[in-house]
Every structure is written in structure tokens, then in C-alpha cells.
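Presented below, as C-alpha cells, is a lone chain in the form predicted alone.
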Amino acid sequence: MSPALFAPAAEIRQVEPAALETTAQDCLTQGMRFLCAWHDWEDDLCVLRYLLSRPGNRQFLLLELRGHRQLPSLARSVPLLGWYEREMQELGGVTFTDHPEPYPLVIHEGYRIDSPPLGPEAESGQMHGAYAPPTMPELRNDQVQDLYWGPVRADFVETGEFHFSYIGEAILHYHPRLFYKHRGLEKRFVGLRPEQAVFLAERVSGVGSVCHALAYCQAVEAAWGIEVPTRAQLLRVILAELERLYNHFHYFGLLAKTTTLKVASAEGLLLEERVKQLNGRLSGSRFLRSLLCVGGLRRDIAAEHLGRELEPLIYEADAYLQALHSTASHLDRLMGTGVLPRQAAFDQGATGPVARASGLDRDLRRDHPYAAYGKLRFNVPVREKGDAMARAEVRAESLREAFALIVQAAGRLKAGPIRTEFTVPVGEQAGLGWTESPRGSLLYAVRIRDGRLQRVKIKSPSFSNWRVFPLTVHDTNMMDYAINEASFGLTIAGCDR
């Protein structure tokens, strides 16, 4: 594959396995940050790619290794890659030597699969086996108790198994076992026409339909060299920020519930419902689905007067957030809960509000502008303490900024086309697309051959933040666990894919 296929979004640098660890360390020394890693099988050739961001540079760096099925693990020097490497081993037929976490991730203990579904044979494979407990560190103490919670949990929370080792109320070790909801979505993309697969991208995460569809569409548009009209770019911003609004209101509703503020919880969920009703009136879909397409939008949206319609909701939201911020019993439970230090956030790959609450000033809308974000003004809230309080403050400011972005974008709308017509090219193309979702950085990498998808990689923000979350649970207490989890705003479906 020609290095130009991922241009101009990324500069490709070819690396040999013997130089991989040295190259990775050099990148870290230069202030770069690894974002994700994925594999691809170009016919029978195995290709490994590591994506990095560079400070002050809008172009990503892509380290590429071609023709090697066994590589040294980078998880010791770049811990966030641990999950990506384990996922590639189980699903892609790639081996990483000297991995510091040599236990299952997606294919749980007690199970095996005939052939890797994303391996060179491109078969789905059959799973065999029976349930076995997760691999856990041995804790020797007569008073240590073990609690297995899940995979089915009460209320409407998602499916996941959580193991606590604790004494009294003190949690010594916490291990989440996810991927009960793994749907093999990256495999499902293969063979589809890129224009049709937007439908699938919208359903990777139910509460992230716009951000997933947008990142996917932008990856295809980059591969095919499609320029999206200005009106469509502004409307894409409006849709993405409306999605951010209802996600953040949902976040505060659940966070208030964990601190036993029943009225505040109901009010947050009511404000979420108000935004969804607005979405329905504006677009015909409460979750803003079936609007985005490769090249722009499927149909136009009359959003010119959206700023005026949002005014009552803006005032209600501000009053709600101020009331939460002046409720002592709520704040007391957030302060000092689930602290994530800045270095741990960087090393383990935290993203979005979680990363910004720990002092990492990163936002793809600003650092790598897409859609119309480069033409709009907005602030990126950052805090330093890294606790539940800081995460809530970042979300609150982000919610206010979302309102401001919608009003700005709506005020700039002018009549014009909403979609660029294009001819599907022959041959092979590849592209990157990204969005700053409500939960953090979301990236799609696509490879297309003769109008059919050959490989789609999804870098999900919750995949990153679920990796980080256990670090904030160890050495805490049972009473704070629900508050801490709610403060992260995680989704399991988005992680499991």
C-alpha cells in the first residue's frame, strides 16, 4: 500500500521490528502520544499500524510494520497499547512477545475460538468452552473477601462482570471483565459498500450515532478525496453538539442518582428527554440517525432558528448545573473520589472529559479540526485534580460550550448544497476519520478496494477509559464505587463493539 493513501491526515513511517521499541521511546521523548494500534491483512501480508498525535502538529504519525506476524510488545513502555495488543492476538492472529498482561481480554477464560475472525483466513470461527473465573492476582489474607457482580446487573446498566477483592469496605483489587456485548462490528463492515455501511456505524454505540457515523463518513471521504459542502459541515457540527447535550444531561442525571439526589436525577433525565424531543422535531430521529451520509447529509435540516428555540433550555440547564454545584451533600461525595493522576491518565490512554479532568488538554475538535469546528470559537475546559468533582466540572463546562457551538453554527447557516455527488473510484484507498465524541476521541481507519470495505478499525473512547478506570478503584471503598463509575460516563457497548 502506498504511504500516500493515508495522506494528508497522517505521515507514514516504515519501521522494522528490531527498531520498534527504540522508535516508540523516541516518539514519547518528543512529546508524542500513542492513540491506538490495529492490524490489517492485505491479502496474505500482515500490516501493523500505531497511530500517534504530535504536539502542535495537526498531522498524525502512523508507524507501520509490514510482513511480520510476531512483534515485541510495547505495553511495558506504552501501557495503553496493552489492550490493543491483546485484542489483536485474540481476533487477528498476531503474536506479541513478552506481553506484561498475558491473559484473555475479548475471548474470556475457559473459551477458545477455531480461527481468528480478523485473521488471514477471514473466517468468523466458532467459539467453544465453558465459563471460568477471570485471571486475578493472588491476595493472601484470611480477611479478604471476593465479590463477583454481574454480568447481569440491576436497573438498566449494561452487561459486564466485575470482581472485587475487599476487606470490610476497602477495595484491594478490582477487575472488570467486559466484552459480553462484543458483536464483531469491525468484521461486519467487511465486504459492504462504504455508502451503505453508515447504517452500521450509527449502531456501534446507541448513544453515539452521530459521532460514529461522522468519523466513519470522514474516513471514507478522506480516502476518496470528497469535499463536503459548507452547509453540510455546519449541520454536522450542530448534530454532533446536540448529541453531546443529551449525553451530558444523562451523565448528570445518573451522577445525581448515585449521590441520592432523586429530584436532581429526575431533572437531569428530563432535560435529556427535552433535547431528544428537539432532535425528533428537527430531524425525525431522537438519536439523530439516518441523516449523515458519505459526502454530506441525506437531507437538509431547517436549523437556522435553532438558537432561539434553545434559549429556554439554555437557562434551565444553567440553573440546573448551578443548583447541583451548590448542593453540599452532592459535592462532598465527589471531592477526592476516584482520583486519576495526570501521568496515569497519559500512560493508560485516558481520553475526553476523563483526560481533561486530569490535566491533559486535548480535544480533537481544536487540535485536529474537522467539519466546521476550525471556523467556530469554543473553549476546552481542563481541571487538574483528576477526581469525580473535576470530571463533573469538565462535563458542565462542555455542556455550556455545546450550546454556544450550536448557536454559532446555526447563525452561520446559508442556503447551499448539503451533499457532494461522487463516483466510486476503482483500486485501493485508505483514510482516517475522527471526532471528539461526548466521551472522548473516536477514530475510524478504513481500507477500501474496488468500492468494498476491506478493513475498518474503530478506536472507541470507552475502550480507552475502561482501561483506565480500575486504577481509580483500587484502594478505595465500596461506598464510593457507584459514584466513581458514574463520574467516568462509560459505555460498555461502545467499548465492546
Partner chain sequence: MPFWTWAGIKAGRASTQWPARGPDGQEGVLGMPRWQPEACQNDCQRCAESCPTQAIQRRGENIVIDYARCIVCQSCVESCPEGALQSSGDWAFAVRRREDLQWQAAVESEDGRMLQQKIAQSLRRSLHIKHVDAGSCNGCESEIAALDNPFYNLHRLGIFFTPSPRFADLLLVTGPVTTTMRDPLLATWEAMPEPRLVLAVGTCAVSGAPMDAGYAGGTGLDGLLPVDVWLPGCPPNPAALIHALLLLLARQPQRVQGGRYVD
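Owing to the predicted nature of the structure, the values given are computational and were not obtained by experimental measurement. Residue numbers count along the first chain shown, from 1.
There is another form of this protein, the form predicted in complex with the partner chain, and it is not shown here; the text below is about that form.
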Heavy atom within 4.5 Å of the partner chain in the predicted complex - residue from 380, 226, 264, 310: 264
Contact assignment for the partner chain in the predicted complex, among 82, 117, 338, 295, heavy atom within 4.5 Å: 117
Options 409-417, 215-223, 360-368, 145-153; stretch whose heavy atom lies within 4.5 Å of the partner chain in the predicted complex: 145-153
Contact test in the predicted complex: residue 205 vs the partner chain, heavy atoms, 4.5 Å: yes
4.5 Å heavy atom contact, residue 302 and the partner chain in the predicted complex: no
Contact test in the predicted complex: residue 320 vs the partner chain, heavy atoms, 4.5 Å: yes
Residue 495, heavy atom within 4.5 angstroms of the partner chain in the predicted complex: no
Whether 131, 179 and 491 all lie within 4.5 angstroms of the partner chain in the predicted complex by heavy atom: yes
Residues of 265-286 having any heavy atom within 4.5 Å of the partner chain in the predicted complex, listed in sequence order: 266, 269, 270, 272, 273, 276, 277, 280, 281, 284, 286
